[in-house]
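In structure tokens, the next block holds one chain alone, the form predicted on its own.
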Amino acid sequence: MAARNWIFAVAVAVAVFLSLSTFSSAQDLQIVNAERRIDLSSHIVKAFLTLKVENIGKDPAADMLLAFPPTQIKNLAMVQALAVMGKKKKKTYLPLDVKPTEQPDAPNDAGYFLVSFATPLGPGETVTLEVLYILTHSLEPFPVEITQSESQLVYYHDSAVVLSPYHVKQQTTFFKTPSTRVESFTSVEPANRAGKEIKYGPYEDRAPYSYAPVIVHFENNSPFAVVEELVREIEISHWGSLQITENYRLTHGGARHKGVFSRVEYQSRRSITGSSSFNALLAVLPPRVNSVYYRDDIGNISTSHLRTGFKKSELEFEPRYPLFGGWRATFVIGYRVPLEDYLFEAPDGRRYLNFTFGCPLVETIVNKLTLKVVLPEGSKDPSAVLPFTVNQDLQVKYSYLDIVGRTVVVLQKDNVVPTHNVPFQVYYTFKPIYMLAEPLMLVSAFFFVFVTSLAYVHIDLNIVKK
């Protein structure tokens, strides 16, 4: 019993020490200057935050916290941070490790991300950080329903000051709208608007967790292309190619369309009527693609154009009808690429696929992305390497001439944006002898048919002797 009490006391002491150290580190840092630029040009909100951080404590600081209100946490697709090294022309950027974390005393259910410095920040030292965070589904259409001829207006909710657990000495926030039509915006002095830009600040000496809610009501007719679900299947064939099949369930995520749709009016006055709709999409495909097809449930769709190049290929295509708010379309895109461009051998003898994660469609949000990598039959010990967290699973798929089935590496991620279109790798072991399995099965089958036919011809099945 005494031993248990001693262990409990040590655990409590460690917990108290950690909480105190976290609290002291939060008090030991301050933000000298913060500049935030929020781009509202499309339905994907991009925020660029520049922070000059100073250690005013007595001990080195290894990391710092980024705070977000709960309304943004649920729509936060990505957070990246870079440390600015050098000055002016010799300036370089060093990527920093960013991961979500929890704080037990978080006010108003704020969410946190922990940014680890490249080297501990010593007392009196400063470091400049460039932070990028991306929000999805953060523009609220108002009115929620519009006719074919009306423009789309949206609300954006945020704060005029940066939400931070640290004292901020000086800060400024800029909002960039897609057009000069701004219906209204909350005024938090000093605040002014010039053209497409709304400026809040500068504000000085803001206490930790300061918050000044603002609402911007503006016009945004950019394509609100949202893929509700995308299933990408990459099938590896060691006989020379990769077959990629992509199944899309697309919707227009803007203000819902009301009233009757007039095709004649849409075709004759496209710039006036239907400005909030979209009727064309662009998919960025790998270079050297071949056997490209685009179809839906009815059949092949001919309204597409493919441009190939050395660095990328572009497929521009049109759905069967323009998409207004709330309208949906389902379609399939398929293509092949040469195997030698994407399959390599690691130094340890394993083979690995190096391909691009994410959605090929430009400026599109994917609510749910499932990527399946179908390995050749006989592959073992598969493992996936990605620069961010995804849900991973293994399945088995049976195709023609398969005996034990093909291993399928399943990667699943929600709330995917174009920034997630980065390379990933899938490693596996494979013995070349397995490549002979299917040819031997075909040869054996033909040989069996030949022997059976030969025996049938030469065997006398008559009961009565001639």
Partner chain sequence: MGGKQDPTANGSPKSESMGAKKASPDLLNSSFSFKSLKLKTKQQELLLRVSILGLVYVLAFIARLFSVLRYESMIHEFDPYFNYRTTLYLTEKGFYEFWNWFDSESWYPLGRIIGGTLYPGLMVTAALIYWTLRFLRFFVHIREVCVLTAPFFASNTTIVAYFFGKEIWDTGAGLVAAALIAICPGYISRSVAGSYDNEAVAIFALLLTFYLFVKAVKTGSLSWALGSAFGYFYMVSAWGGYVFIINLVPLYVLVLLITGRYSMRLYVAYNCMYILGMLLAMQIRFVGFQHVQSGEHMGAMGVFLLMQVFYFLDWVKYQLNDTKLFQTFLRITVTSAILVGGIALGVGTASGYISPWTGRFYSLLDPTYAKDHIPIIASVSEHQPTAWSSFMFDYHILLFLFPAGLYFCFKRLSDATIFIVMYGLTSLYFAGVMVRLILVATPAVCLISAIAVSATVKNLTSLLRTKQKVPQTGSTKGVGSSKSSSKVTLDQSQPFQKNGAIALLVGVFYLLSRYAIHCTWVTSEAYSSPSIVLAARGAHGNRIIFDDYREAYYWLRQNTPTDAKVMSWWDYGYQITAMGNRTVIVDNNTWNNTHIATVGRAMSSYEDEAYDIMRSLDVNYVLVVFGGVTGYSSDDINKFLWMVRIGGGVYPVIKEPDYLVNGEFRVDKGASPKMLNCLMYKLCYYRFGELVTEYGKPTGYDRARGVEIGNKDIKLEHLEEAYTTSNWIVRIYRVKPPTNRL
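Positions refer to the first chain, counted from 1. These numbers were taken from a predicted model, which means no experiment stands behind them.
Below, we refer to the form predicted in complex with its partner chain, which is not included among the displayed structures.
Look at 326-334, 94-102, 159-167, 126-134: in the predicted bound form, residues with non-hydrogen atoms within 4.5 angstroms of its partner chain sit in 326-334.
Although the partner is absent here, residue 265 is a contact residue: one of its heavy atoms lies within 4.5 angstroms of its partner chain in the predicted bound form. The closest non-hydrogen atom of residue 295 lies within 4.5 Å of its partner chain in the predicted bound form. Although the partner is absent from this view, residue 380 stays clear of its partner chain in the predicted bound form, with no non-hydrogen atom inside 4.5 angstroms. Contact check for residue 347: every heavy atom lies farther than 4.5 Å from its partner chain in the predicted bound form. Though its partner chain is absent from this view, in the predicted bound form it lies within 4.5 Å of a heavy atom of just one residue from 87, 74, 307, 320, which is 320. Shown here without its partner chain, the chain has no residue in 107-141 lying with a heavy atom within 4.5 Å of that partner in the predicted bound form.
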